[in-house]
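Quick heads-up: it's one chain on its own, the form predicted on its own, in structure tokens.
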Amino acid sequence: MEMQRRQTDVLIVGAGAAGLFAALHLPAEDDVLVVDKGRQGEGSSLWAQGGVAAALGPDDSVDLHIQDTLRVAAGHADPAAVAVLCSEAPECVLQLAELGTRFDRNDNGTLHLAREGGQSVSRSAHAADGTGAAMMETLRQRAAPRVTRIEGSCVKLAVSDGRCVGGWVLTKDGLVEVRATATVLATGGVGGLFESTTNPSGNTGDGLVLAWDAGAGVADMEFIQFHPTALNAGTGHQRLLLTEALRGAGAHVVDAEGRRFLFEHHSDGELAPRDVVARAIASRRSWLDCRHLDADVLQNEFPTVMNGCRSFGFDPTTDLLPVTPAAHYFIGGIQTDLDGRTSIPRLYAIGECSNTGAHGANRLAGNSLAEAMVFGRRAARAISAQRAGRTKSLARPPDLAPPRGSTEDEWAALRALCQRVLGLERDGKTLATASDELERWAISDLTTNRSDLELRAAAIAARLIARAALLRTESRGVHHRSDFPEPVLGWAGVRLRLGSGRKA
């Protein structure tokens, strides 16, 4: 079958909140092509429950938001990135509301703000406990007339004369060559690498590996945030997230004796930074207790949690909810500047697959959606300001081998390895051997099978995470080494930057 060829001004790989918000801020005359995996590849934006952090409350300020973000980041955040995030987040949230996102409101019409972990005041604008879904409904509706969509997987980026000029997309009808003046990676995180995650299974580090294969640099790969309270029920590896806003509303975490034990680990108890809460819950059998909360409040403000729990046979108004930490948010990623630019000209990265330095070693609750909006908009503006130039002809397309047929057993083995080696507790011995164990998947050929492509990407991403985690001989934020259990002053603010040196 003859390969299809497309020409576009901007190619966006990924159709979550970051990609679509960026698309809305590109010039109306630009041709924008969005690549997404379809329903089976829906990203994490839809599943976001808690809200978007922005200093919009009467007792809040940009400076306080900055202070909270830096404090939670464990001495590792880039202050410039934090300042940009916190100062621009309010305008982005208000713009989302103007676009039609149905955020919850107070009786006087102002935004209702929830308090989440690490926030010193209530700061998260939300739509009950389905904020991501509400945002995505608005963004999809608004972006639909502005973009052309291709369902498929980007398998390789094209680099000519040192700059990105598009890539190749595998669809059900074959390979499509896309020439683009600018390319944006907005592909989400790596939760699909783990046995227990709040992410969809399609979050396998695809964009990260596309950038790595093309020669772009990555940073902070060792930092993966585990959400403390995922429902410990069901047989799949994607867990139901029990939003932190539940704890903000007064829910307690208790042990087998019914004792609230988190104050033994941090003075903020249930609202301590996520890394502290996650490790404490992982150390013993734990439950979330919502039974003392008003039943109407639970039903009206947390319908996603209520319906989800009931589907597993639990009623939060009468039952203790068994909880376990689950891989939630990838802090590391493709290194960018404050406008989403990567180390390859005309290649941008935004959202969870990027690394701006804003989260440091531990993300403040609510800052993920805020980052997607703020830096998605900044990337769009940077693209608009760049000189268009001529889109180079693409090199020879990648050779795609016949489907190898990745098996469920292979996926189970990879996820078990990542859970054991790259989870909440790490040690040098197992990290050192992980690369060899992952090699058989990481060196596999590109094929015409999506599962093969995702397994390869997951293995390469896992090797990069393991390499960075081995190099950082300390514990900081979400990165915890049992053989180096304390933070080391000399590591504060040191960002491990890895470069592939590859050429696409």
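Residues carry their position along the shown sequence, with the first being 1. Since the structure is predicted, the reported quantities are computational estimates derived from the model, not experimental observations.
Keep in mind that the form predicted together with a small molecule is missing from the display, and what follows is about it.
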property: Partner contact for residue 274 in the model of the complex: the small molecule, 4.5 angstroms, heavy atom; result: yes
property: Distance check, residue 49 to the small molecule in the model of the complex, heavy atom within 4.5 Å; result: yes
property: Residue 426 within 4.5 Å of the small molecule in the model of the complex, heavy atoms; result: no
property: Non-hydrogen atom contact residue 93 with the small molecule in the model of the complex at 4.5 angstroms; result: no
property: Residue stretch of 278 to 286, 409 to 417, 105 to 113, 243 to 251 approaching the small molecule in the model of the complex, non-hydrogen atom distance within 4.5 Å; result: 243 to 251
property: Contact residue in the model of the complex, chosen from 262, 72, 365, 347 - any heavy atom within 4.5 Å of the small molecule; result: 365
